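Shown below, as structure tokens, is a lone chain in the form predicted alone; questions about how it binds or moves come after it.
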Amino acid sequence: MELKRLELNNHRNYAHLDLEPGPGVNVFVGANGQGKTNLLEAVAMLALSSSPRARRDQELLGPVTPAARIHAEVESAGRGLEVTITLQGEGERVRRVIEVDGVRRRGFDLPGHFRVTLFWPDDLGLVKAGPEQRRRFLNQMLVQVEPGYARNLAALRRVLEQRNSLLKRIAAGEEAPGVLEAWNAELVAYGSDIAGARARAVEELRPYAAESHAEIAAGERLEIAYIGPPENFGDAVEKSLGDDLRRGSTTIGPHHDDLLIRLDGRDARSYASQGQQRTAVVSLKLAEAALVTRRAGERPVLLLDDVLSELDAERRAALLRRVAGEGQVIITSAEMGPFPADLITGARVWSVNSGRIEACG
């Protein structure tokens, strides 16, 4: 998997960019706020169809026009592809058009054409924040490698919207409880598929994550476990009706799943230091890359944003040894200091300044 060329037009602070990264390690260096994260966000969108960072597409539009374009030439499964995402502002809304080799695609049809594994500082929420971010981690991985997963997610969102609306109407006496039967069946069907995919993925991730963490953190033990819907999912949905009606929302399903993360047998959220939490998240991301490689048959592009900060010298060196020489890596940093000379010698190095990127050396 390789990003051959990237063109940005009016994406955040990039008025125009035409970039040809190298096939190995690419290091982008610049002060904070210059566009390093915006660059990785654009590459991630080519794999996920939407930004993993922005809450609204309006945030992606630069100051030049009410439109933006991300275009890339990529190599996937041994063949070249062109992927384009165009955003067109229309008042308060933004219309998104996705094309693969000039053919329009829906958002849930894009993942799988080009694959990435992304780390950025917000991913520390995998340990520190609530379960929503851990579900997002599993979703962003699985839409790229699990056939039908993106469609099932979209269907589940539709089911939850409809079921929650009906719960409110039933509670208000405007509908009879029987109208929920069809939606309950769809909730169980789509929810079971999603939960099953997540459970299998966590089982695959577990040894990879433990191995990566032990290498980077000098033997510290990382354990993960999936916490999904109850085994008798259908019965649990039926029995939850009283609670659902009181709350006006669906209380049972994969939208309440979680991923348990432990370090040396203790809850990482409560006991781990900042450096330990960062190492755990990086290990999960490396495990994700290993899972994608195993399922897709080729390594995803690694996108690592400010990954080295808050790691001691030993952990930085171990991490860089692990990622170097294994496919294409795009890594950002505020300074060159953390990088060993031998890695920089074999890498392409770029400077980032106010939405402009120039090759160094």
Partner chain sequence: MPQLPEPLERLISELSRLPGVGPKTAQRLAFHLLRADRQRAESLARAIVDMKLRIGFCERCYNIAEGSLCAICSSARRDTTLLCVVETPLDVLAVERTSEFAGLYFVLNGVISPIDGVGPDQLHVPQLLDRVRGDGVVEVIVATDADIEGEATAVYLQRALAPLGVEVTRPAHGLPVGGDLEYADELTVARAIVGRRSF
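Note that the structure is a prediction, hence the values are computed from the model and not measured. Residue numbers count along the first chain shown, from 1.
Keep in mind that the form predicted in complex with the partner chain is missing from the display, and what follows is about it.
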**Asked** Is A155 close enough to the partner chain in the model of the complex to count, meaning some heavy atom within 4.5 Å?
**Response** yes
**Request:** Indicate whether the partner chain has at least one heavy atom within 4.5 Å of a heavy atom of G178 in the model of the complex.
**Result:** yes
**Prompt:** For R169, is any heavy atom within 4.5 Å of the partner chain in the model of the complex, or not?
**Reply:** yes
**Prompt:** Can A210 be called a contact residue for the partner chain in the model of the complex at 4.5 Å between heavy atoms?
**Reply:** no
**Request:** Among 225 to 233, 272 to 280, 186 to 194, 120 to 128, mark the stretch whose residues have heavy atoms within 4.5 Å of the partner chain in the model of the complex.
**Result:** 186 to 194
**Proximity to the partner chain in the model of the complex, single hit among G265, G242, G173, P147 (heavy atom within 4.5 Å)** = P147
**Asked** Given that the partner chain is left out here, which of R206, R151, R135, H71 has a heavy atom within 4.5 Å of it in the model of the complex?
**Response** R151
**Request:** Determine the residues of 158 to 174 with a heavy atom within 4.5 Å of the partner chain in the model of the complex and present them in sequence order; the list may be empty.
**Result:** R158, V159, E161, Q162, S165, L166, R169
